[in-house]
Ligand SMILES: Cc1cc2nc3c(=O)[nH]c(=O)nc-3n(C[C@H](O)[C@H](O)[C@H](O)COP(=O)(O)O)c2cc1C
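A single chain, nothing else alongside it, follows as structure tokens in the form predicted alone.
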Amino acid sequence: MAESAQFIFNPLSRPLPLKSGRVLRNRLAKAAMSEAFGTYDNHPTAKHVELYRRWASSGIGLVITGNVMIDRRALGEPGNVVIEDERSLPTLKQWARAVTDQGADIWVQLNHPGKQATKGLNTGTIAPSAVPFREDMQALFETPRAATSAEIEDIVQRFGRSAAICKKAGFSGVQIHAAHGYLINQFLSPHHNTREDEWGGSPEKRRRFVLAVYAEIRRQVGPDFTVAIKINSADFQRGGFTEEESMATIQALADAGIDLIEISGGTYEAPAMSGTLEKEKKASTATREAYFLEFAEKVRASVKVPLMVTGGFRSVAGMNAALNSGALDLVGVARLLAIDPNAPAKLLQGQDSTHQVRPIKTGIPPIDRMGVMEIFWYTLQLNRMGKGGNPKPHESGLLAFLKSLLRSGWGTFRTQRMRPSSKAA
């Protein structure tokens, strides 16, 4: 009786069954954040095991890893973990068990950065088309070359291979990263994808790549392994991926059998996912906390696949109101867990965290407009926890930026020294 009452008054505590057969123990998920503390030749470390064990011990139902790349020749940042073969299998198994042994699920977020990789990190970058970044970002990101059909097919195969290794290592599932301006999002966007072949030229052809990636993953892992996806509601960029195209893509993924869809939005050039565009939000959205809740309501009217929304949640009341509305099935939190790793224990008891996520600013307008501080500052906090320490919620944004700049420069240099000699794919 007491347990049933808990579910009624705190919907976050309810289990969530998935089509794959897995059951998440509650409706609270740690969304992906970049850790960037893999080795410079891209293997996971004991820091991953320590950090994820700590999160799982909080009682959370699901944790999703930060970006894990599928190709060592295509990194998003120094310190990315890459899963393209079984060389890291022993550590991957430890990473998975650190979570599953405590009753939570852990999904690996699989990604390819496409053009969204800093200059000098890879031997070159590829994308659907050779479209440059906006002018004020071209000092950091080079113009990519258009991928060949053979390279596209190779990437599809790599996604499937990486997912199969994750299953072998004991992870509960994988999440395809199709949001935030990375390669799959680039294929979906008419701004980034100007191809006129079978991979572009119409909305149907632009979504062919993400459907091929899902189909190959499902082929290699089978029906009883969870395959989820993170997708933009929109890119918030002129000529980019729109809500209408997102709805059509989500419907196609639902028809294909995807297990769960996480809704987000934005890119490095228009970083809505971090709240950088928060001033432009409607007052109703601010009141309801979640950035993408209105879009989730539209999706829910069309598909029955479980939905996860991340971004903007600040309170138990806001989270439970969203769950009770029926617009979503899983609440995603990220930045809060980088400053308060024990927050889930409080939230699941119906109590708010004593910490609040705040905008991270350096005071340097061009840097602050990019939204990169939402990666740099929080990555430093994760690194501290990976070493067994505690985060510093009030650390200076400018100091964190300078530390991250030095760390990134050194990491890029070390990565270059260990780089495979073949061309980027």
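All figures in this text were calculated on a predicted structure; none of them were measured in a lab. The first residue of the shown sequence is 1; numbering continues from there.
The next section is about a form of this same protein that is not shown, the form predicted in complex with the ligand.
Visitor: Counting only non-hydrogen atoms and a 4.5 angstroms cut-off, does T310 reach the ligand in the predicted bound form?
Guide: Looking in the predicted bound form, residue contacts with the ligand include T310, since a heavy atom lies within 4.5 Å.
Visitor: Is A32 one of the residues lying within 4.5 Å of the ligand in the predicted bound form, judged by heavy atom distances?
Guide: Taking the distances in the predicted bound form, the answer for A32 is yes, it comes within 4.5 Å of the ligand.
Visitor: Does W55 reach the ligand in the predicted bound form, with heavy atoms at most 4.5 Å apart?
Guide: Taking the distances in the predicted bound form, the answer for W55 is no, it never comes within 4.5 Å of the ligand.
Visitor: With heavy atoms only and a cut-off of 4.5 Å, decide whether H192 touches the ligand in the predicted bound form.
Guide: H192 lies outside the contact set for the ligand.
Visitor: Please pick out the stretch from 40 to 48, 393 to 401, 358 to 366, 63 to 71 that is in contact with the ligand in the predicted bound form, where contact means heavy atoms within 4.5 Å.
Guide: Of the stretches listed, the one contacting the partner is 63 to 71.
Visitor: Quick check on this chain: which one of L323, L293, A334, V305 has a heavy atom within 4.5 Å of the ligand in the predicted bound form?
Guide: Checked against the cut-off, the match is A334.
Visitor: Scan T91, T118, T125, Q109 and let me know which has any heavy atom within 4.5 Å of the ligand in the predicted bound form.
Guide: The residue in contact is Q109.
Visitor: Who in 246 to 263 is close to the ligand in the predicted bound form, meaning a heavy atom within 4.5 Å?
Guide: Nothing in the stretch sits within 4.5 Å of the partner.
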